[in-house]
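Presented as structure tokens, the chain that follows is alone, the form predicted on its own.
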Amino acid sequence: MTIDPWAMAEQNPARREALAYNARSFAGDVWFRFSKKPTALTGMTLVVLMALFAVFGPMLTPYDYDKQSLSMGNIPPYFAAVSAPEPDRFFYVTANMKVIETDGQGRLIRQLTKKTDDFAASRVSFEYNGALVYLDYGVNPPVMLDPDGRPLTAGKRLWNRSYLLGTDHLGRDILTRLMYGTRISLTIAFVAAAVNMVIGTLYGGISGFLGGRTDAIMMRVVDIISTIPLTLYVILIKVTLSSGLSGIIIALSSVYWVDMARVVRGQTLSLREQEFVLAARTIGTSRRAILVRHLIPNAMGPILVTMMMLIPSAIFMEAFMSFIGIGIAPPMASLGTMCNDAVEALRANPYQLFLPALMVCLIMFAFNFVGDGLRDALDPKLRK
């Protein structure tokens, strides 16, 4: 059967007024707009990857966050080694004049035993397979010498296969501690943000819905709390509590709800005069039901955006408190405590500070990107 490409199209009066696109649900419309923003997708991908890294990463590493190996302290993830007298063996000299034996793939084997230290000749001897090798620290950089006193110069740069991101000054695996530190930061951020969302939503919703003198009194309390920087509030509350995870969550949950309360109050004031609220009042719906079933669900968009913006602030505050010594107590790993431990060795081992600081920045950027994407996706003005 031959089809005429120039034949008149069939006219169907029943479909003449039909819309030309498939209708999407509200959730589908939000996801459509969210997925069209590359930064939002990037932020969500980073959040998922960091959550997997923090939750399942420690199961894949042979080390614990507090396992110390003093003989392997301050080993970077990438280092220059010189050839040892034995084949496929290399020496790495640390900043504090320790000699570590490695294989050709970068796996750390052992620390050589120190025998003598000749201060006059600026030479240290180490036992190696029944013989002595020497470290001449009278030159800069120090030079390894074979048993006959000849320099060992041939070598290569190796990746640390035993500790992929290196070790700190106590020989603890930085990768493992980074996993636990990220887990602590995400746990505190999500729990504190959830508690702040509940407190702020109820407080702001009640204040905006009741209005009048109740609203004036409740918002004056918020104004009083806001007059003093929230960071000072958190520090004062934290020093009165015991150190640990619960103390930080209580401190952050005590004052960070004020921004959420203001947002919810503003949304409630604009929604309480809408027709659906007046209809609910007409049929005798209680105030509690109107607030919980009608006002708060309709304000959920700004609430979610505000909660996502609170998470980076909570993460930064936890890292800051741990950095100044009033957060997570050692030896528990935290991004703030890792930064604090790395400050003293910043010049010699900058990677120890760079890695946790980079993780803090990635977490904050990721949640900010997700918050921006949600703000645009939940904006009804952008619905097409």
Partner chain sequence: MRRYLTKRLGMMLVTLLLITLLTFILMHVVPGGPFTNDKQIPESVLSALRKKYKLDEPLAVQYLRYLGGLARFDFGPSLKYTGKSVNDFIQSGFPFSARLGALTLVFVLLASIPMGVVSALRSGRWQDALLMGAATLGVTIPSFVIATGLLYIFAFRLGWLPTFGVAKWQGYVLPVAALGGYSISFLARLTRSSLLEVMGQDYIRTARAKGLRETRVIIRHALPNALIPVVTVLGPTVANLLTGSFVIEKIFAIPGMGAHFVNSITQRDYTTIMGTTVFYATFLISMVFIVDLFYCLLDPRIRLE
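Numbering follows the first chain given and starts at 1. Here the structure is a predicted model, which is why all the values come from computation and not from measurement.
Beyond what is shown, the protein has a form predicted in complex with its partner chain; the following relates to that form.
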Find out whether any non-hydrogen atom of residue 114 is located within 4.5 angstroms of its partner chain in the predicted complex, and reply yes or no. no
Proximity of residue 108 to its partner chain in the predicted complex, heavy atoms at 4.5 Å: no
Can you work out whether residue 316 and its partner chain are in contact in the predicted complex, taking contact to mean some heavy atom pair no more than 4.5 Å apart? yes
Is it the case that residue 122, even though its partner is missing from this view, gets within 4.5 Å of its partner chain in the predicted complex, heavy atoms only? no
Testing 317 to 325, 29 to 37, 63 to 71, 47 to 55 against its partner chain in the predicted complex with a 4.5 Å heavy atom criterion leaves exactly one stretch, namely 317 to 325
As a check of understanding, the residue in 131, 217, 232, 164 with any heavy atom within 4.5 Å of its partner chain in the predicted complex should be identified as 232
Within 344 to 364, the residues having any heavy atom within 4.5 Å of its partner chain in the predicted complex are 346, 347, 350, 353, 354, 357, 360, 361, 364
